[in-house]
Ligand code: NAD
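The chain below stands alone and is given in structure tokens; this is the form predicted alone.
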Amino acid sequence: MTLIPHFIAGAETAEAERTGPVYNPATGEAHRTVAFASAAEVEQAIAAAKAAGPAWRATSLIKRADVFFRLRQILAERTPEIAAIVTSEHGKVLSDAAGEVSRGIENVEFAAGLVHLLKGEHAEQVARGVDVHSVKQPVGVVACITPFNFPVMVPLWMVASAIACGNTVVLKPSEKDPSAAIWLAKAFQEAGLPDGVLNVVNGDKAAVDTLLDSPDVKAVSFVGSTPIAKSIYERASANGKRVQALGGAKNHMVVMPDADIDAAAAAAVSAAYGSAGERCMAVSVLVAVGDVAEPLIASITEKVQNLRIGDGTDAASEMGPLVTREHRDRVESYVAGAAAEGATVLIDGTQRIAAGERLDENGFFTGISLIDHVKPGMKVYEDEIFGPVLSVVRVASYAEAIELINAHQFGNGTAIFTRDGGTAREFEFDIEVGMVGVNVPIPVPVGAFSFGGWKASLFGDSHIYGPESIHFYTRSKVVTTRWPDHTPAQVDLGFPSNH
């Protein structure tokens, strides 16, 4: 089987002491192996990034921007190529993989505006003959640790802004689908990025711990589950690093009685079951207000009857498999336990049937699940399932919906479906969640804004990509200047006064 290597100082490595399997989720077969980096190999990547830092920082902003313009062209022209790589290791359908690349390109486009983004401020004559200006300077070597569910988009969330700001990067992608990261590193190289500015190391916890403990790594960006995000935040920050660690989610979609039921149902199906629910912004809880539950459930049930689940390379497939057999079994355990918790399983995905046909038992397939009468306290409600499971919680009023969502530990994304502008505005004001959609079920911000949740969905004080990423990946320096004039010099031991 093909060995997926590391990419260090502009070259692939050829050997590995430890490896892991990389599966094709549609067939269940391990079709590649991935090298697991030793601590020494991770340190080698860090050293390469550190060595490349001074020259990259000294590179003019215009030349940096040129790299991103060329990279954008490469990504746009070769989207089918990189999408096929994603599907082969993640399992999502090709159209979804191409959509991921498109959203990643947004971040490349944002980074291409670095000449504007890195501008400082200037004030003249703050005191007689004294001027003050500020500049944004890179933090140094940045570690980017990314999840399996978006092997192109999330690396570009981090890497694009970090490199644009003059930093160098060591990227540690998920070991479940690592080939896309190597493809991206080569694309950056083709676009003109100097060797060593972007390095990729594959591996497991051993590789991550080396990044977190290295004194040469100055900042850490992470996206993954809440327990791991919390652990990374605590360990890296204890080592004096800047950290942004995005954790889990339980995204609620509120449907008001005045909503367009058909549109809300279509949005719920798309947002809950797209990419087999393996999105941190997937809708996993439908909050039905008043008497809207019955018609809403009826519409959802009708829309999923002919949903096609199959190999992501099949153009007829609308949803692919889950990423691993273990993850598939974990997702199905929540469905199997829901009835015992007092919920009503309306559609049981553990039967592995879609459009009247049994799913391929060799692949990591599960069917879609719809569970009614879910309540707080149930595991199916409290936990992030990360699969095609949609829970319905019935509430009597808007106020009860707000109380329900605000009480949950996660605060990543939420949405409301309503025709009433006043209700929508009130929802935006009341809700304690970082990203809000109004008649938009998956409110992922465009690249010019920043992505991030509240509460246990984020550890650290900076959201990812967009304007907040420029703040995270730079340090501000304020310079106060005075040039000699004809005024005689005087000794003054008092505190400086700007008069």
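Quick caveat: nothing in here was measured; it's all calculated off a predicted structure. From 1 onward, residues are counted along the sequence shown.
Just so it is clear, the following notes concern the form predicted in complex with this ligand, a form of the same protein that is not shown.
Colleague: Assess the spot marked by V159, S450 and Y473: is this ligand within 4.5 Å of a heavy atom from every one of these residues in the predicted complex?
Modeller: Per the other structure, none of V159, S450 and Y473 touch this ligand.
Colleague: Sort through P178, G247, G387, P155 and report the residue having a heavy atom within 4.5 Å of this ligand in the predicted complex.
Modeller: Contact check passes for G247.
Colleague: Considering G203, P151, G312, G104, which brings a non-hydrogen atom within 4.5 Å of this ligand in the predicted complex?
Modeller: Checking each option against this ligand in the predicted complex, the one that comes within 4.5 Å is G203.
Colleague: Can you tell me whether G274 touches this ligand? I mean in the predicted complex, with a 4.5 angstroms heavy atom cut-off.
Modeller: Contact check for G274: no, nothing within 4.5 Å of this ligand in the predicted complex.
Colleague: May I ask you to check whether S457 falls inside a 4.5 Å heavy atom distance of this ligand in the predicted complex?
Modeller: Contact with this ligand, yes.
Colleague: Consider I228 of the chain shown here, and say whether it contacts this ligand in the predicted complex, taking contact as heavy atoms within 4.5 Å.
Modeller: I228: yes, in contact with this ligand in the predicted complex.
Colleague: Would V208 count as touching this ligand in the predicted complex under a 4.5 Å heavy atom rule?
Modeller: Yes, V208 is a contact residue.
Colleague: Exactly one stretch in 389-397, 142-150, 262-270, 343-351 has heavy atoms within 4.5 Å of this ligand in the predicted complex; which is it?
Modeller: Result of the contact check: 142-150.
Colleague: Could you list which residues of 265-281 come within 4.5 Å of this ligand in the predicted complex, counting heavy atoms only?
Modeller: Contacting residue: only C280.
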